[in-house]
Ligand code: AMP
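First, one chain by itself: the form predicted on its own, in structure tokens.
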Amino acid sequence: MIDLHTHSTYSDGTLTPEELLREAARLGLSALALTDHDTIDGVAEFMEWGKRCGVVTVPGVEISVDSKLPNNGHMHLLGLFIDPFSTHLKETLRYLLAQRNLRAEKIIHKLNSLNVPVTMEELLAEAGEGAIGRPHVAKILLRRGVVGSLQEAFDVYLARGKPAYIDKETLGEAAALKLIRDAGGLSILAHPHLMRYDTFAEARDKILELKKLGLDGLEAYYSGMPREYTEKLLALAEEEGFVISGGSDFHGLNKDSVRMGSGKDNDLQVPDEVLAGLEERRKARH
């Protein structure tokens, strides 16, 4: 089995790239992708530790996309097999990282206006080398006793529509797809059900729009995705020639109900054949 959607301490996960790969080896996974949010800073380290741990490594990234979606839905793209040394990719992601820091400052300002004492210094220390994300803010709120759990931090303050939520700057659909392609990667629509369309037919229409812009594939296997949704995605992929991917979206303790390789309540199994299909599409492009 494989897992092609995981996060490390370089974004909002709690395991280092080394720890991710040691855990993958312990679980008997044959391949793992590192797909940190809007950064590839941990990929070189990840690739090196893959050799030591005997796990096939897939260099990746998860990019947030500016797309107008219903019901507070959101769109993320995975870039798999990206070139971790791509200058343009690095520069673009560093710009987005700078915007994340500005967003963090605005979140702190909102929290302070609600009489919740959080400082930028605390947040930077919490994030360490990683890109600042809302889970880092949530950890501070939990530690301070403002909330009783990480989920409560989102439910009360940090989720979309809550008083300390701030949108982050993102790339448009075409720009994000081009960025991945120019870096030699395959573009995969992450967790398609989280676009939150009312019907699959509407989601299908959006996916076909993305295909015209260069979308390569669909994350049809995903922890928490309804089985019938997976089946519809697999049928659409067969019909339209999309490549298939899958992963747990593992974040370590920041999403402690989701396990690497097996998802939540063992609802995930991504077969090795998925990686073979991705490799075949990658080779066909070159």
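Please read these numbers as outputs of a predicted model, since none were measured by experiment. Note that residue numbering follows the sequence shown and begins at 1.
The discussion below concerns the form predicted together with ligand AMP, not included here.
Peer 1: Could you tell me if Q151 has a non-hydrogen atom within 4.5 Å of ligand AMP in the predicted complex?
Peer 2: Yes, Q151 is a contact residue.
Peer 1: Contact between G185 and ligand AMP in the predicted complex at 4.5 Å, heavy atoms?
Peer 2: G185 lies outside the contact set for ligand AMP.
Peer 1: With the partner left out of view, is H193 within 4.5 angstroms of ligand AMP in the predicted complex by any non-hydrogen atom?
Peer 2: Outside the cut-off, so no.
Peer 1: Would R100 count as touching ligand AMP in the predicted complex under a 4.5 Å heavy atom rule?
Peer 2: Within the cut-off, so yes.
Peer 1: Tell me, which of R204, K90, K168, K110 has a heavy atom within 4.5 angstroms of ligand AMP in the predicted complex?
Peer 2: Contact residue from the list: K168.
Peer 1: Could you spot which one of A174, A159, L208, M120 gets a heavy atom to within 4.5 Å of ligand AMP in the predicted complex?
Peer 2: None of the others qualify; the residue that does is A159.
Peer 1: So which of 80-88, 209-217, 132-140, 112-120 is the stretch with heavy atoms within 4.5 Å of ligand AMP in the predicted complex?
Peer 2: This holds for exactly one stretch, 132-140.
Peer 1: Of 1-39, which residues get within 4.5 Å of ligand AMP in the predicted complex if you count heavy atoms?
Peer 2: Contacts from 1-39: D12, H37.
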